[in-house]
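Okay, here we've got a single chain as structure tokens, the form predicted on its own, with questions on binding and movement later.
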């Protein structure tokens, strides 16, 4: 679906680099088909050496004659970038925004005509091609547009389609989620240290355990509660640990963390 398409990435930072690397490693696009932009001249050499694609400071030149444009700029810079590109982007191009809390309507209102817009919310594990991205289409996006967007983000992980009113929830759950899970890994590792396990070994034990548990959920497709029960033997040590977690309200605390982050996402001004 993406073969022969030309891509512009406005904002070739960590996420932009991850998307480009994923596309190149999968052989979906060729280096000559991709152009990226950076905000500072000092970043040009870094990006060129890492990706071996055309890198420029000129956003307008980069998007001209491209089939797909990924806007990977910070939310607070989106308005300025869209106004800069409004006269250059046409209805023949697909625009994909990865800026948190920026709606498709926000993007559409600043462009001319009925430009197809897709909103994406990837997370940081995309840099190791283990990402999770939520996607939704704007008023003028077609099934083909959504399929092309999906093909791009499939190169760096898994994807789901949701209604746009759920994108703030996606932001709070999967985009912010790695931070919550890092705290869990850190806490488990600290417990290992308290029990006498060397820190490096304890961190490996905690991280690999979380990785394995996640794979069990994904590959078995069993409910997490059922998988929990398979570990919890009668009168064993796991049930005592689970009782401590329940007493400490870990479950409700994690739920409240996601809900609070979603509420904050809705409060951001970039709507």
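Bear in mind the structure is a predicted one, so any value in this text is a computation, not a measurement. Residue numbers count along the first chain shown, from 1.
Omitted here: the form predicted in complex with a small molecule. The next part is about that form.
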| query | finding |
| --- | --- |
| Close approach of residue 43 to the small molecule in the predicted complex, 4.5 Å, heavy atom | yes |
| Residue contact check: residue 260 to the small molecule in the predicted complex, 4.5 Å heavy atom | no |
| Partner proximity in the predicted complex: residue 10 to the small molecule, non-hydrogen atom cutoff 4.5 Å | yes |
| Distance check, residue 134 to the small molecule in the predicted complex, heavy atom within 4.5 Å | no |
| The small molecule in the predicted complex: contacting segment from 155 to 163, 108 to 116, 196 to 204, 68 to 76, heavy atom within 4.5 Å | 68 to 76 |
| Heavy atom within 4.5 Å of the small molecule in the predicted complex - the one residue of 89, 96, 172, 99 that qualifies | 99 |
